[in-house]
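Presented as structure tokens, the chain that follows is alone, the form predicted alone.
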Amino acid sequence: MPIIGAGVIGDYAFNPTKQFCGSYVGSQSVVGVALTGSFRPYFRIMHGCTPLDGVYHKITKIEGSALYEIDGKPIVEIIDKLYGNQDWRNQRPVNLLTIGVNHGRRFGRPKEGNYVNRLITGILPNGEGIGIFEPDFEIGTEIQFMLRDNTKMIESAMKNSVELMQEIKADGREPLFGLYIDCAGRTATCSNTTTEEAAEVQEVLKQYNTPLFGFYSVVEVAPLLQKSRGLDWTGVLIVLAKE
């Protein structure tokens, strides 16, 4: 069974939230539900991010989630050049740009499902580096700058939802229930879009008469390349289908 989950968020200022932990209210806790029965889980990871230029960079200085240098150069100066100004330094999290690791072919055609992306939470207080959302990168990790394209984000939500439901039908199974875990940054308000990308998921499952439950998160967890990983800027759709 795949491990599907999320990190909860209090608000867009990344303030803590409260969790119901069965018999008490707490925080910083893991709450889980194990499901069994005659069903099969199907899932898709969608983000819609694309490589900025296809160039790979190597991390040369990092401490936890604080990234200082790539290719032996200060990353803050490199991002200044990418934007052509320093306005991005006032953004938390940083708009448009993310950092991705390609777990597929190094110079193959980019495939959405092979990338793990990390949001840039902002410039560090001392201005010497940037914060990223997870502390899982290390010296030597190869990264690419990725573009958060809102149009592709919405297209991805629709395309992956359709393909997932078609896969279930092609296997001769009946979809029973859908769960959509969606990064809070993908909302129309935060992404400056005229429509909600989650509405694409709703519409597709509605066409297949499949109940859908969803919520917004700060981190999404889903299997990728035989390992459950924390993901950023993603929508994770899981549908349980009758065996």
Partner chain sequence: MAEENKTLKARCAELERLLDKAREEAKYYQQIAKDSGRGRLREIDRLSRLITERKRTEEALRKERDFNKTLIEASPTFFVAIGADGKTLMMNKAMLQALGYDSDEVIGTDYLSTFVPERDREMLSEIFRTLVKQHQPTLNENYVLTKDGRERLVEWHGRPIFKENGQFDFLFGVGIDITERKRAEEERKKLEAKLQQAQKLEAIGTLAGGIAHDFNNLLMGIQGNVSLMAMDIDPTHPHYERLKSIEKQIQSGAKLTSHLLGYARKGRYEIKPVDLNQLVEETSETFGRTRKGITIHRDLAEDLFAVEADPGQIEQVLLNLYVNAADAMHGGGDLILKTMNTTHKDMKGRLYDPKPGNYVVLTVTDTGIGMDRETMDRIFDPFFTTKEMGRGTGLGLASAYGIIKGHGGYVDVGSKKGHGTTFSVYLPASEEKVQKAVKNAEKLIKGTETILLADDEEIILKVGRELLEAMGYRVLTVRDGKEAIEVYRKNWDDIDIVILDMVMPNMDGGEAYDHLKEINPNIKVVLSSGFSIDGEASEILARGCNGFIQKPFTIKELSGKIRGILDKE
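Numbering follows the first chain given and starts at 1. Keep in mind that what you see is a predicted model, and the values were worked out from it rather than measured.
Below: the form predicted in complex with its partner chain, not depicted.
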Q) If you check in the predicted complex, do 29, 31 and 226 all have a non-hydrogen atom within 4.5 Å of its partner chain? A) no
**Q.** Partner-facing stretch of 167-175, 90-98, 153-161, 132-140, counted where any non-hydrogen atom is within 4.5 angstroms of its partner chain in the predicted complex
**A.** 90-98
Q) Even though its partner chain is not shown here, does residue 82 get within 4.5 Å of it in the predicted complex, heavy atoms only? A) yes
Q.
Taking any heavy atom pair closer than or equal to 4.5 Å as contact, tell me whether residue 211 reaches its partner chain in the predicted complex.
A. no
Q.
Is residue 199 near its partner chain? Define near as a heavy atom within 4.5 Å, in the predicted complex.
A. no
Q. Is there any non-hydrogen atom of residue 149 lying within 4.5 Å of its partner chain in the predicted complex?
A. yes
Q: Residue by residue through 208-227, tell me which have a non-hydrogen atom within 4.5 angstroms of its partner chain in the predicted complex.
A: none
